[in-house]
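The chain below stands alone, shown as structure tokens; this is the form predicted alone.
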Amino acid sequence: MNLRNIMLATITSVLTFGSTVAVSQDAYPDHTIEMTGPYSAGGGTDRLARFTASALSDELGVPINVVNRPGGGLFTGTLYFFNQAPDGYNIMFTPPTPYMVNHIENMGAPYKIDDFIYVNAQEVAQSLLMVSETSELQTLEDIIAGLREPGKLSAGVIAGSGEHISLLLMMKTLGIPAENLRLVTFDGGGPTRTALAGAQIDFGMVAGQGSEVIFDQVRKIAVFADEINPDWPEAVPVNEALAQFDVEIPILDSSVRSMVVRREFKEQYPERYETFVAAYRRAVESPEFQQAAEDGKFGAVWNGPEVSQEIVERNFNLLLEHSAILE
């Protein structure tokens, strides 16, 4: 072989090797993905996250491990996720609102609301005020009367949640000092529901979506929504119940439960990002997912990144108006 042919063979070999390496590097995904759940196991968002992870894993062809990292009103897990490589192998399923308002405004979070992409606001949950089935409290009026007596009632909420803000707003609007209430805060919906169903607190507020597991152990008193939810017709819309006191409060969504990725993921790995979004959409829109979601009472809406961003930002701005009440 002459020198020219040797050089051509060498160049071809190098180019072929380089091409193989590039394909290998661009193959996504090729190993396990970790999904951060910044809340305790067993709550409504956690159950939805695990349900979604299973279907998404099938579409992507790799395992997705859901790892719960609770603490600090979802701050601990969110901060952990923010510090991971934005390479598509670290994702998060969380309610960005209301929790990120508190993280950003009051807890010195190093991230901003637009440092993330909300790939799909899969479920927008409404707040339910409930009591144990053994409770003597029958109506919202009974609860308000109890709140007017300092130290009489205890209530459970997730720290920094929409329910937390809504409860304090209701008391403030009614002229009831926050100190009147013995408030018990939790790091997730699971512990809150357990305390509520077990009558460890006098009443509780938590997302109705995901609370089906305790519905046979509680009574639904009020829904924080503008209209009756047909799934819970016994729960009176809160402002309808408050009308007799000549007051009303702003309606805050309980939570926007969304798949979340770092914005750098899309910027640095656009092909991986498109692969991820397409697989996620296929999973959610599949007939099997939709039927299983209906059977299990899980959120199964595909809003997509643009609409989801609008939903999150709208809730964020509304919550920002009222988050100071948590201080």
Partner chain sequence: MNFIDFPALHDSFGILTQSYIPWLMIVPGLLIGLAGGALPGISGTMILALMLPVTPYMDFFTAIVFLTSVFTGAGYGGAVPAILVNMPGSTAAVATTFDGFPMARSGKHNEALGLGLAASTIGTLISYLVLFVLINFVAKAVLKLGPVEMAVVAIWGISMIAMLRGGNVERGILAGVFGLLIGTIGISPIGRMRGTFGLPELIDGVAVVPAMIGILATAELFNLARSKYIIDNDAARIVSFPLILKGFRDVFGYWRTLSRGSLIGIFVGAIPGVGASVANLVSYAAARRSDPDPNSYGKGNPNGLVASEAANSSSEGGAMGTLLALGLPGGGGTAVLLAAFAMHNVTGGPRFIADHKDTVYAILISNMVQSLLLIVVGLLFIRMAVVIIKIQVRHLVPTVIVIAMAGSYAITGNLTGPITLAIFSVIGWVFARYDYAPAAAVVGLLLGRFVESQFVFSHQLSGGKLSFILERPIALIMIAIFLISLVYPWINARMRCRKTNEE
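Positions refer to the first chain, counted from 1. Computed from a predicted model, the values in this text were never measured in an experiment.
Separately, the form predicted together with its partner chain exists; it is not shown, and the next lines address it.
Of the residues 263, 272, 47, 282, just one reaches its partner chain in the model of the complex with a heavy atom at 4.5 Å or closer; this is 47. Between the options 217, 173, 139, 229, the residue in contact with its partner chain in the model of the complex by a heavy atom within 4.5 angstroms is 217.
Judged against its partner chain in the model of the complex with a 4.5 angstroms heavy atom cut-off, the residues 163, 309 and 315 are out of contact without exception. Shown alone here, residue 90 lies farther than 4.5 Å from its partner chain in the model of the complex, counting heavy atoms only. Not displayed here, its partner chain is approached by residue 73 to within 4.5 Å at the level of heavy atoms in the model of the complex. Looking at residue 221, you'd find every heavy atom of it more than 4.5 angstroms from its partner chain in the model of the complex. Not displayed here, its partner chain is kept clear of residue 253 by more than 4.5 Å at the level of heavy atoms in the model of the complex. Screening 90-98, 115-123, 180-188, 140-148 for residues having heavy atoms within 4.5 Å of its partner chain in the model of the complex returns a single hit, 180-188. Residues 295, 296, 297 are the ones in 284-313 with at least one heavy atom within 4.5 Å of its partner chain in the model of the complex, listed in sequence order.
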